[in-house]
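The chain below stands alone, shown as structure tokens; this is the form predicted alone.
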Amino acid sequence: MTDCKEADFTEHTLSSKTVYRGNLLHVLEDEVRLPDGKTGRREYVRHPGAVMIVPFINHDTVVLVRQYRYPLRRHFYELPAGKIDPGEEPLVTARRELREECGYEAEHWRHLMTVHPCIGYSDERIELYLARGLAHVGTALDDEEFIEVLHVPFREALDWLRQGRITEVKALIGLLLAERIAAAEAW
């Protein structure tokens, strides 16, 4: 980008009301002042944030999870992930989720990036981590959580992604980042 001045399209909140508050999501409707002085309405979801982990058993094998996702009424292949609890640091969440969902603790952790998956209607952020040096310690699934843990050759997981067998966006981003890191660092 050159030295162009960017326009300011900031919208200012005039009023806000809760439409729905659940255990996970908080849906709001705000009246906003638009950049041209007119008013508009914005509906959006507040989310507590989440983490996602790309866990490697060794340099050739990644841990995936398979679970049923009710909104789409089907099973998905994913990477382990979970919601950040109030006051919890994201790395603490990542360690907890890897242990609870997959039964592993990791010796080496690396923050990969922060993603905002739904900017048009949610403030959700997801912190992505790479975990290596895994040791199996046993799972501790939450109530109402049914997960199949899979040890998949990394190249096969990348093939699943390219074939459309893995379509969940966090998993796509995590696996592609891990592929770039593995190529650059020659693990």
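Sequential numbering from 1, following the sequence displayed. Since we're looking at a predicted model, the values are computed, not measured.
This protein has a second form, the form predicted together with a further copy of the same chain, left out of what is shown; the following refers to that one.
Task: Interface membership of residue 47, a further copy of the same chain in the predicted bound form, 4.5 Å heavy atom rule - done: Looking in the predicted bound form, residue contacts with a further copy of the same chain include residue 47, since a heavy atom lies within 4.5 Å.
Open item on the list: Against a further copy of the same chain in the predicted bound form, would residue 135 count as a contact residue? Criterion: heavy atoms within 4.5 Å.
Closed with: Because no heavy atom of residue 135 falls inside 4.5 Å of a further copy of the same chain in the predicted bound form, the answer is no.
Open item on the list: With a cut-off of 4.5 Å between heavy atoms, is residue 58 one of the residues that contacts a further copy of the same chain in the predicted bound form?
Closed with: It does not: once a further copy of the same chain is placed as it appears in the predicted bound form, residue 58 has no heavy atom within 4.5 Å of it.
Open item on the list: Considering non-hydrogen atoms and a 4.5 Å limit, does a further copy of the same chain approach residue 110 in the predicted bound form?
Closed with: Judged by the heavy-atom cut-off of 4.5 Å, residue 110 is well away from a further copy of the same chain in the predicted bound form.
Task: Contacts with a further copy of the same chain in the predicted bound form - residues in 38-60 whose heavy atoms fall within 4.5 Å - done: Counting only heavy atoms within 4.5 Å of a further copy of the same chain in the predicted bound form, the contacting residues of 38-60 are 39, 41, 42, 43, 44, 45, 47.
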